[in-house]
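The chain below stands alone, shown as structure tokens; this is the form predicted alone.
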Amino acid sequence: MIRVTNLRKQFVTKHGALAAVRGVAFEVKEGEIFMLLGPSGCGKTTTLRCIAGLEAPDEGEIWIGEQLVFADRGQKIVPVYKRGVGMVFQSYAIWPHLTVFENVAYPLVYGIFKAPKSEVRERVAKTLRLVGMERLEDRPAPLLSGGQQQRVALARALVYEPKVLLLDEPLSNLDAKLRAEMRVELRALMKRLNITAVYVTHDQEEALVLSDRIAVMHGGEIKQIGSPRDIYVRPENDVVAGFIGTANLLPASISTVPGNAREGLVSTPIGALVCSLPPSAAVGQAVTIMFRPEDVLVSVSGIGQSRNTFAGIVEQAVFVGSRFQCVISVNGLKIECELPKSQVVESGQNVAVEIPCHAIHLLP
């Protein structure tokens, strides 16, 4: 449905050329919610704006369906209004002097998607029902809450039935509770309508909840594309591992590679760890090991006989409602872990820390 190939875009500043997007390439299937995730300045919004036609790339190709909307080095540029995309902005861009109905009807009254007057009311009413705003069509825009404005912006983008929906951090202005609710509602709506969507966010949890696939961006490049579970459980590099969720990352080297076994020994600053090794593993190879805080096991009853178990001292234990977030010093190195709320620990307490073999992931 959407194909982006070798997309490049740079901006010229007083300090010189700034490469915002560097050879980005991906495909989005019909009905898929595709997430561009990364920190501020990584190129995700510029990529989205290039797809929409709000920015002209320097190189690359962009296809929307069977239509080539941008060809290499500007050989072909289809204007925004002919690309058939709907867009929802971070600021919502709601007209303050119009009612809910008038805001949503705007694309059907003006511009290329203009519809016969006899159809406008029916299509607007249908779209407002989809987003749960059918009883507020006469309300002035300034009297809407943040969540209601977000729904109006979404309805306006959907009312002319675009081929593609582009969303640029549409939930970032909402409070935490409403944002969590809207994630679930928005995904359910897009799936029900079978919408093809490209969604930009810096919020890791939002990306995991909403998307079918995620492209993690850093420095204008895509570092990994995969399902939310793959990105979280099997990151391909330390950039992805460090950005998605919280991760313990330790430098290591492979010290033992048994002949027929999948498990070997790696040397780390906290001691030797048993873990699964890839087929290409070689003794002396430098790697980074990663494990998530929620996989670390903590015991107050002594070290015991379990492998990958070390003595530690609790440096910090913060209660956050559903769990304890802890920092434990192991051989002078700080390990982050999460404990169930029923397992109470305190700063200064001696504990045993186990890092299960299955929880350790090797990064090149």
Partner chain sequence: MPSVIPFVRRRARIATADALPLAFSWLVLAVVIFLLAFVLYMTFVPSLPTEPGFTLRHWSNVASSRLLTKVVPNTVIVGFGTICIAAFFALPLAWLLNRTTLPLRTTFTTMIGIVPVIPGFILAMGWIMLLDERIGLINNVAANLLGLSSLPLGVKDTPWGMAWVLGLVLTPPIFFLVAGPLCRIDPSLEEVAGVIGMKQLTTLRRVTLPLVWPGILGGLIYTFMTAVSIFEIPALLGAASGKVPVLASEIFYSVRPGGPLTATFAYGAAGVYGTLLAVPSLVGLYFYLRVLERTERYQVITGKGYRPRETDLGPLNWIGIGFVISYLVLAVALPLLVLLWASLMPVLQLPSREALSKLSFINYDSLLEGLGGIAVIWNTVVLVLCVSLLVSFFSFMVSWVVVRTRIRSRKLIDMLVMVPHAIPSLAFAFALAMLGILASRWLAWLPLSGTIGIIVIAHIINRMPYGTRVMNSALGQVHHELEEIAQVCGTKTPTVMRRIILPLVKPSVVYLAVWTAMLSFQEVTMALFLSGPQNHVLAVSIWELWESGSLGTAAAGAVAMVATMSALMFAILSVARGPTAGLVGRGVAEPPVAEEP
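Residue numbers count along the first chain shown, from 1. All values derive from a computational prediction rather than experimental measurement. Rigid core here is just the name for the largest C-alpha set that superposes within 1.5 Å across the two forms.
If you look for the form predicted in complex with its partner chain, you will not find it shown, but the lines that follow are about it.
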>> When the contact criterion is heavy atoms within 4.5 Å, does Glu55 count as touching its partner chain in the model of the complex?
In response: yes
>> Just checking whether Gly111 would be counted as a contact of its partner chain in the model of the complex - the rule being heavy atoms within 4.5 angstroms.
In response: yes
>> Although the partner isn't part of this model, could you tell me whether Asn194 comes within 4.5 Å of its partner chain in the model of the complex, counting any heavy atom of the residue?
In response: no
> Using 4.5 Å between non-hydrogen atoms, is Val12 touching its partner chain in the model of the complex?
Replying inline: yes
> Which of Ser253, Ser118, Gln75, Ser145 has a heavy atom within 4.5 Å of its partner chain in the model of the complex?
Replying inline: Gln75
> Among the candidate residues His97, Arg229, Arg262, Arg129, which is the single one with a non-hydrogen atom no more than 4.5 Å from its partner chain in the model of the complex?
Replying inline: His97
> In terms of non-hydrogen atoms within 4.5 angstroms, which of the given stretches 232-240, 137-145, 88-96, 208-216 touches its partner chain in the model of the complex?
Replying inline: 88-96
> Taking Gly245, Arg292 and Phe319 together, does each of them reach its partner chain in the model of the complex with some heavy atom inside 4.5 Å?
Replying inline: no
>> At a 2 Å cut-off on C-alpha positions, does Pro269 qualify as shifted between this form and the one not shown after fitting the rigid core?
In response: no
> Taking the rigid core as reference, does the Cα of Ala141 move 2 Å or more between this form and the one not shown?
Replying inline: yes
